[in-house]
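The chain that follows stands alone, in the form predicted alone, written as structure tokens.
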Amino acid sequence: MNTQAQLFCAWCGVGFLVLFSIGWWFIAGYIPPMSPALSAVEVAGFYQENTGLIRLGMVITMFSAALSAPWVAAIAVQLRRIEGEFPALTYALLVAGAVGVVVLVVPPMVWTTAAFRPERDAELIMLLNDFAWLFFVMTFSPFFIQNLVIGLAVFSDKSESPIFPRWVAYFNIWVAILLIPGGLITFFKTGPFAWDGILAFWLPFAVFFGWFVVMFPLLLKAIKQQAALARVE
């Protein structure tokens, strides 16, 4: 049994949180997010004043995004244990997780493109910035499916020793629901549903990061439970 490989994949989730926070938040300075109501000159000024830090931060951010792939794979292994021979939800999780990596990689590429030539026309920089933020916040759908199928799989676990507690199903479904407001940012430049708003950004952001924090110890426990059962057999 590949216990060590699974543990490595689970710890990649922690690596994602740490490196993403360092690159995107502390180095590049995208927290708090800039307002979508800023003028083109103000947006361009952000890239002109922080060019080097944005470039460095985006490199770290893109690397961190890749770590979410093994993290999802580790969860998929445990869902496979629940589903057995026909793991449709597990496959759905893997596909959603793969798309999620793209969602996490593309915006940093666009942000660093905006910082690559900070002397370009302010309107072009604003266009790139708009695209990156819309792509990053609005593309909630793969993460919605990811958490939804985890919840459905946990609900389907009827074994005497469930792999995840039943409350994990409710938790994941609520996480999926709370990510939805991010899909509304195309309609707003100010207020709670703007890309810097409390409902469209701060709530999904906190929920997404909190999901890693909650799932990590549960995933470790499930992997160790699987290893223990393998030794008995």
Partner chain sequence: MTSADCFSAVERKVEIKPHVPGEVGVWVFILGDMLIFGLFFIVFVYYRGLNVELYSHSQATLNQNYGAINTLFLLASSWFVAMAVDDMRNKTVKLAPVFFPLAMLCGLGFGVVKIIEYREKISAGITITSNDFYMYYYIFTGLHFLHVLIGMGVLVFLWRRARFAATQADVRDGAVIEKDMVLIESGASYWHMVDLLWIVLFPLLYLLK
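Positions refer to the first chain, counted from 1. Because the structure is a prediction, the values reported are computed rather than measured.
The form predicted in complex with the partner chain is left out here; the points below concern that form.
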Residue contact check: F26 to the partner chain in the predicted bound form, 4.5 Å heavy atom: no
State yes or no: in the predicted bound form, is some non-hydrogen atom of G45 no more than 4.5 angstroms from a non-hydrogen atom of the partner chain? no
In the predicted bound form, is there a heavy atom of the partner chain that lies within 4.5 Å of any heavy atom of I173, even though the partner is absent here? yes
Classify A66 as contacting or not contacting the partner chain in the predicted bound form by the rule of any non-hydrogen atom within 4.5 angstroms, answering yes or no. no
Within 4.5 Å of the partner chain in the predicted bound form, heavy atom basis, the matching stretch of 175 to 183, 52 to 60, 66 to 74, 27 to 35 is 175 to 183
So which bits of 183 to 215 sit within 4.5 Å of the partner chain in the predicted bound form, heavy atoms only? L184, F188, G191, P192, F193, I198, L199, L203
